[in-house]
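Heads up, the chain below is alone and in the form predicted alone; it's given as structure tokens.
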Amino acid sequence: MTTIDRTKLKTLQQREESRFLADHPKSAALYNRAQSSLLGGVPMNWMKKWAGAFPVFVKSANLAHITDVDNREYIDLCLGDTGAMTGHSPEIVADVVARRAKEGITLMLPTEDSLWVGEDLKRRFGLPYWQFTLTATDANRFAIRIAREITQRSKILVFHYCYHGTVDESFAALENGVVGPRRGNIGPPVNPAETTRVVEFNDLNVLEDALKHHDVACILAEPAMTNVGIILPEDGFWPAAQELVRRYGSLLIADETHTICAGPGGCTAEWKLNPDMLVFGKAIGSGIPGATFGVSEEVAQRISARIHLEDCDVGGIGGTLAGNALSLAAMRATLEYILTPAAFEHMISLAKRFADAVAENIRAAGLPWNVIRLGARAEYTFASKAPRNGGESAAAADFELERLLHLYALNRGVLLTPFHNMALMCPATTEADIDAHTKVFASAAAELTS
């Protein structure tokens, strides 16, 4: 296996940074201007993590492509880190949103679209009852509240190196086997050890040990981990894990916000899972803010029995803009016309093409890396074999190498998700788009190993 020469890596990084600066003068000017009004020069801090000296400023986006203010066009394999998995502004959704905007955006009253969406979600995921929020973070937070209320237990359980939006309890990690704030956790309200148990994914023994305390209200989990690279469950893990959840009186919340890439009903439908609650955000409205959580018949009955009409507006679940008419109109159009079985068939075939080509180039270059695919999502990691848990995947991370590869691709017109090496397909992605990435990836691998 080939070892990366770190001196060569730094030389390539310097070359690519110079090229980036030369190619993006208008983005540079806007970034400099932003220093006087935007904290850190960006609308949200995580935008600073894009490869290069600053994020490129976007002029327009259409389906699978983005054009920046310097009129440079990109194949977008980031797709808003799943928020634009439908492609940017699909025409039918844009038309529906424009019409709904003229007829009332937020009403604090239901529209017929909410019924249609609830019925479709029931069909896709198998859970009978649904509520709507603005973000998957909110949906996760509200599901946790419900779990705590009906179990009368205080703690939740998450997997090491998970990500579930800005849920306080989920920013917990293991350090030498001890639960504490995850690195980078800003201002945790309490030590997460007070609220959260953390175990490694794919380890049934440690999962059972954690549940034996009988204080875990719920497990909040992606069916396959996607935020520290893609980590697939081992054969038999989820059937056994679900049995443990039931045995020890906890609940299972499946966060399908990213794993919807597995198919129209996410991993829940593809793998025949039976979560007590399910969360789906980001892509559900083609980029219009909105998310949802569904609950089983049992959960619905148990929480309904504990909610009093007089107090239902102050229970910590909901928000004035939650379930607004614009979000629901976007969700209906997205589910009805965009995230269809035919679209997933197309996207998944392209993800296979992406993964096969990356794997071949990894072999050809003799690199100790691997590539993993989940439905329409694929990702390469700097490990010789696929990690089985978050700890293994995090240990294989290489921030300098990651930034070089991202900048190398960006400079050649391909955008990858800035947080790791993820590529996502949308219904408008083409074989030519995938082959363009393959050419860029092969070139980068060749330069790193020559």
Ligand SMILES: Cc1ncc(COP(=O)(O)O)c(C=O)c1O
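Residue numbers run from 1 along the displayed sequence. None of these values were measured; they are calculated from a predicted model.
As for the form predicted together with the named molecule, it is not shown, yet the points below apply to it.
J.: Can you pick out, from Gly165, Gly126, Gly118, Pro264, the residue that has a heavy atom within 4.5 Å of the named molecule in the predicted bound form?
T.: That would be Gly165.
J.: Identify which of Met331, Ala136, Leu79, Leu278 has a heavy atom within 4.5 Å of the named molecule in the predicted bound form; exactly one of them does.
T.: In short, Ala136.
J.: Going by a heavy atom distance of 4.5 Å, is Asn140 a contact of the named molecule in the predicted bound form?
T.: Yes, contact at 4.5 Å.
J.: May I ask you to check whether Glu222 falls inside a 4.5 Å heavy atom distance of the named molecule in the predicted bound form?
T.: Contact check for Glu222: yes, within 4.5 Å of the named molecule in the predicted bound form.
J.: At 4.5 Å between heavy atoms, is Lys282 in contact with the named molecule in the predicted bound form?
T.: Contact check for Lys282: yes, within 4.5 Å of the named molecule in the predicted bound form.
J.: Going by a heavy atom distance of 4.5 Å, is Thr257 a contact of the named molecule in the predicted bound form?
T.: Output for Thr257 is yes: heavy atoms within 4.5 Å of the named molecule.
J.: Quick one: find which of 334-342, 307-315, 360-368, 128-136 has residues within 4.5 Å of the named molecule in the predicted bound form by heavy atom distance.
T.: Looking at the partner contacts, the answer comes out as 128-136.
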